[in-house]
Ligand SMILES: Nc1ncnc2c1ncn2[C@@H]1O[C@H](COP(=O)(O)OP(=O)(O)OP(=O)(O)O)[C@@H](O)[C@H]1O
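Just one chain follows, in the form predicted alone, and it is written as structure tokens.
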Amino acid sequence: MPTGERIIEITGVAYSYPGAPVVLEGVDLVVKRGERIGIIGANGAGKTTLFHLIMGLIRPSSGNIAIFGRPVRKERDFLDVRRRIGFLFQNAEDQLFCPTVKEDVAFGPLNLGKTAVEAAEIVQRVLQILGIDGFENRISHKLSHGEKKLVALASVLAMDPEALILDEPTAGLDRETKTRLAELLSKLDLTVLATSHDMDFMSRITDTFYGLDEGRLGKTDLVIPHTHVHVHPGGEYYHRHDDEYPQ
């Protein structure tokens, strides 16, 4: 498919949960094939809500969403979307439901019609890429939070998606694993839409940033390299630490 194809097109989308204030209001966003876009914002700004709308897990109060050039409104419209776009949930436990790691990772390929032998090969390849080969027979629900996150990502990559939507992919990961994951994702020839409070990580895997604030989405220059030593929960997101990921 041609570079520049509009994979995701959101026009005037609004959303509010029942009995709650508006979360998103008049959101416009276009994601073209090959783009790597980061969505930044405070907790509760609506980043996860936006991703859930794209994947059809909830429906907008108003506005339109088109994926791969086709309007999506009903559940059946999203079946192809979920096959072609890999979505990493913020909570890995929402994604893991099989007894063992190999069953969780093989689930998608098997549903796509792969043979058991082909699925097993995919499991081995993806786990090795993520540095968790040897996890095949581990019990999924007994893994650590970080391990679950990596297995959930493995289950997404095993589907061979055309695009990735990543909701807080580094939550619970140690620095070494974050670095390895950043290197992996930066090399994948995939369209990426991601959110994370880890701006060093975001600066490695995305190159265009949109800020989500008070329900509205806008482009931001965001990345301002600087060096300092201090402690803060997020630094209001508008900066990065260049020494976090050595070149």
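Given the structure is predicted, the values throughout are model-derived calculations rather than measurements. For every residue, the number given is its place in the sequence shown, counted from 1.
Heads up, the form predicted in complex with the named molecule isn't pictured, but that's what we're talking about next.
- Using a 4.5 angstroms threshold between heavy atoms, residue 49 counts as touching the named molecule in the predicted bound form.
- Taking the partner from elsewhere, residue 197 is found to have a heavy atom lying within 4.5 Å of the named molecule in the predicted bound form.
- In the predicted bound form, no heavy atom of residue 95 sits within 4.5 Å of the named molecule.
- By the criterion of a heavy atom within 4.5 Å, residue 23 is counted among the residues contacting the named molecule in the predicted bound form.
- Between the named molecule and the residues 45, 55, 185, 29, the one pair within 4.5 Å by heavy atoms in the predicted bound form involves 45.
- This chain is displayed without the named molecule, yet in the predicted bound form the stretch 37 to 45 from 202 to 210, 62 to 70, 175 to 183, 37 to 45 comes within 4.5 Å of it by heavy atoms.
- Contacts to the named molecule in the predicted bound form (heavy atom within 4.5 Å) from stretch 84 to 122: 90 only.
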